[in-house]
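Shown next as structure tokens: one chain only, the form predicted on its own.
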């Protein structure tokens, strides 16, 4: 059974905010902390009790905040430290938590550490980064090209696993470990309740390995951050490429004092050959991948992270279901299929109104550095039109367009000019329209999160799968104490589904069901209490 601390985390319903794109309070076209503050009651009403903020530290924004130039300052575009203090206080007044995004693998090359380090080999920050007289391996940047770049000032190569302006920190240097501990402690003293840790598996390197990450001292470094008395109470979730059970347990087993949970990403590969290339797929693929980690997590008493979307991926809805005529049914089916499993729910902004992938006719509508690098490479191999189709499918900007609050000229996001193109479907898919609709995705999410909070089975209950592997639907129960709740999720075609026991009238459904048994439409779902 999960330890007591982790069982408490099961009650957290976490909403991920991309600050630049959530709500702009001052009219400069960029979302800000005061904008977030103005929408806290919207989130509270949804059933959210924790928010995860993508980076809002001082940054030149080459990678939209993941290139940090000062971990103790707020970027002026999103506000001030006083605004952050007010946001933390307002969250805690509402009994809501704050999770900050920690980026420990790299800093901006504009960070004072790097600027000092590049000046020579005999200053206190000389070994804060990886420097080499020659290129020591064939590692590639995630954003394409060699991961090594030559610095004219120092006369050596430095490692950058991402953009040229994101230099990797050298965690082999104890001073780097202490500096990052100080940063964590700074934010804990501010009242932060947890951290999402960016590419946590990359902070330990093995230069002789074929690829970056999962180095020999990784777990030592994680414990140095979060295994201390001051930080052991925090909720921590790591972004990692882990696909192996044993490595997952090394990160998340409670007795190791490392992370509360990990994001496991293999289910996000459904519907695509690679990030920019679609492939035919079915909801069976999604179900099977979800079940793999659900069973492993339950069998090993580890906390599982439940999610479908984030700031780095186009909406799962558009890849694996129907984002057109049956958008409501598809969005709500995915919600039931994922968030009624056991774990901590993470909901990405716009997901609660069924936001889809966007589509644009010009590369100028995109901002993301990874997207522009990929587009240039694609154009060398295919026509610009074909390259743009790939970008429309896989760009990270699909998840970063300003939040659509209404159908007005700037979507209710700003009174100015949005920093990034508005979503191509914002006139039809926005908060105001969704709340006015009989088929409201928001209200379904609201009911689902309320159900999770009120039914013990959906928190720490046992999962039992009733459908067979070959069935084109997913039926399972969650049981706890003396209660049992059944969930039916039908897939792409209408289907007659009968359960082997009597049930009460459904408490949640996306098509007004009065019984759990019978004919289900495509993407139909329902939840009901099982009669004893």
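The structure presented is a predicted model; accordingly, all values stated were derived computationally and were not measured. Numbering follows the first chain given and starts at 1.
One more form of this protein exists, namely the form predicted in complex with a small molecule; it is left out here, but the text below deals with it.
J.: Mind telling me which stretch in 345-353, 254-262, 304-312, 283-291 gets its heavy atoms within 4.5 Å of the small molecule in the predicted bound form?
T.: Heavy atoms within 4.5 Å of the small molecule in the predicted bound form occur in 304-312.
J.: Residue 139: heavy atom within 4.5 Å of the small molecule in the predicted bound form?
T.: It does not: once the small molecule is placed as it appears in the predicted bound form, residue 139 has no heavy atom within 4.5 Å of it.
J.: Is residue 109 a contact residue for the small molecule in the predicted bound form, using a 4.5 Å heavy atom cut-off?
T.: Because no heavy atom of residue 109 falls inside 4.5 Å of the small molecule in the predicted bound form, the answer is no.
J.: Should residue 198 be classed as touching the small molecule in the predicted bound form when contacts are defined as heavy atoms within 4.5 Å?
T.: Residue 198: yes, in contact with the small molecule in the predicted bound form.
J.: Can you tell me if residue 162 lies within 4.5 angstroms of the small molecule in the predicted bound form, counting non-hydrogen atoms only?
T.: Output for residue 162 is yes: heavy atoms within 4.5 Å of the small molecule.
J.: Could you tell me which one of 221, 442, 143, 360 places a heavy atom within 4.5 Å of the small molecule in the predicted bound form?
T.: Flagged contact: 143.
J.: Scan 400, 97, 327, 319 and let me know which has any heavy atom within 4.5 Å of the small molecule in the predicted bound form.
T.: None of the others qualify; the residue that does is 400.
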